[in-house]
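In the block that follows, a single chain appears as structure tokens, in the form predicted on its own.
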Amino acid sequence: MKIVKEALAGTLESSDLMVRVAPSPEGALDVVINSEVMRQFGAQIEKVVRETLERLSVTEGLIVIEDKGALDCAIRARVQTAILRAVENPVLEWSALS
């Protein structure tokens, strides 16, 4: 899927996260994570984000995560929602959304 516009998903409430996606001017995939629990769970947050992007076949874009202690299932859902809002005419493979 190709990101063609900016999109947001989530909130900045406790135990949630805000995901912002935008097209990448360089054509690269950049993931920026800011989290209150970065020391303890930063690697896991990045793993969940990258796995979700891979399942959705996202290979370029700017993904900015503002995490407030969200669980993996919330991270996955917010990233999926933001990506689906940012692509034009998404062709969904429902098995990729888990």
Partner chain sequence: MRLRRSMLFLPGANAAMLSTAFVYKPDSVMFDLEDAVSLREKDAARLLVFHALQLPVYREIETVVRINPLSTPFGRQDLEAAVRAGVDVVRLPKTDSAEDVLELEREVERIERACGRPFGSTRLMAAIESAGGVVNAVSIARSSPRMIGIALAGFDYVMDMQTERGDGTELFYARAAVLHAARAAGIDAFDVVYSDVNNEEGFLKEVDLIKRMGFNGKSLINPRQIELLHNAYAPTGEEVDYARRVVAAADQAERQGLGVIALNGKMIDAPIVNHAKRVLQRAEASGLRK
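Between two forms, the rigid core is defined as the largest C-alpha subset superposing within 1.5 Å. Small disclaimer: the values here were computed from a predicted structure and weren't measured. Numbering follows the first chain given and starts at 1.
Below: the form predicted together with its partner chain, not depicted.
- Proximity to its partner chain in the predicted complex, defined as a heavy atom within 4.5 Å, singles out one entry of 32, 73, 43, 28, which is 73.
- The closest non-hydrogen atom of residue 24 lies beyond 4.5 Å of its partner chain in the predicted complex.
- Heavy atoms of residue 20 never reach within 4.5 Å of its partner chain in the predicted complex, leaving it off the interface.
- The shortest heavy atom separation between residue 97 and its partner chain in the predicted complex is within 4.5 Å.
- Contacts between 63-93 and its partner chain, taken as any heavy atom within 4.5 Å in the predicted complex, involve 71, 73, 74, 76, 77, 78, 80, 81, 84, 85, 92.
- Once the rigid core is overlaid between the shown form and the other one, residue 90 counts among the residues whose Cα shifts by 2 Å or more.
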